[in-house]
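Just the one chain here, laid out as structure tokens, in the form predicted on its own.
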């Protein structure tokens, strides 16, 4: 079995590689060549932690495995560790033997950012100039860096419940040579692309705060009860997702579906747009929304790519298992 420790991931996995892996696996999902297993996610009753498993099988890429991990909200304050902790396990689909164990913390951040950037590549208007960020935590920096590579943006605007954290977004904007402005939520109407990346359980962005032609990527809702936007926004928008079953059960669409505002049939796979079987954006006035719930196949795709790179560079640790 091969081991790729967390400490090696930063020197192996690039944003371009993560984008390519996620785009490819979304396409495989939409064509029926890859599927995710049901998600297990539980509050364990210790340290206020949420722990679970996401897995799947990609027949096209012959990638089988799971990611185990979750959210420990006290880690940073108590131990100086990041709150999200995870490890990816890959198995040989021909034999079932354990094939690799890969540090999943940075990979999770990169694959989540890659998913929203894939949605921007395929759904945002070509002339998008202003990007709006809702949320300014650790993951928001990854989201913004990846998103800025998808269009010729000229300005970044941002809102966060705790305004002192907006310096995270300002830092990334400065890296890209772009101006940054802290705004009220009503001023999100100026954005051509909006990314929400929070852990909210209450709607933050209202439907009337999104202008016609905007692409919205909702990336924070991955658990039953979480919510970042007004369900009426999903009525106004054409809704796309990584996996429909997750979108309507634990993703942003769960609320609009539960209220009878939209149906499962109203949610399309982003992979179908990538494959060309769904037209995606068809007008400059259309609001598009990507419900990024985070699927196990994303984790497996980036982990498999990292293992290949680690072997190529002689970094992978081989153990008899």
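Numbering follows the first chain given and starts at 1. These figures come from a predicted structure and were not determined experimentally.
One more form of this protein exists, namely the form predicted in complex with a small molecule; it is left out here, but the text below deals with it.
Annotated contact segment (heavy atom within 4.5 Å of the small molecule in the predicted complex): 214 to 222, selected among 174 to 182, 214 to 222, 125 to 133, 89 to 97. Of the listed positions (245, 148, 101, 204), a single one reaches within 4.5 angstroms of the small molecule by any non-hydrogen atom in the predicted complex, namely 204.
Checking 107, 233, 188, 197 for any heavy atom within 4.5 Å of the small molecule in the predicted complex turns up a single hit: 197.
By the criterion of a heavy atom within 4.5 Å, residue 78 is excluded from the residues contacting the small molecule in the predicted complex.
When contacts are judged by a 4.5 Å heavy atom cut-off, residue 82 does not count as touching the small molecule in the predicted complex. In the predicted complex, the small molecule sits within 4.5 Å of a heavy atom belonging to residue 294. Contact annotation for residue 155: none of its heavy atoms lies within 4.5 Å of the small molecule in the predicted complex.
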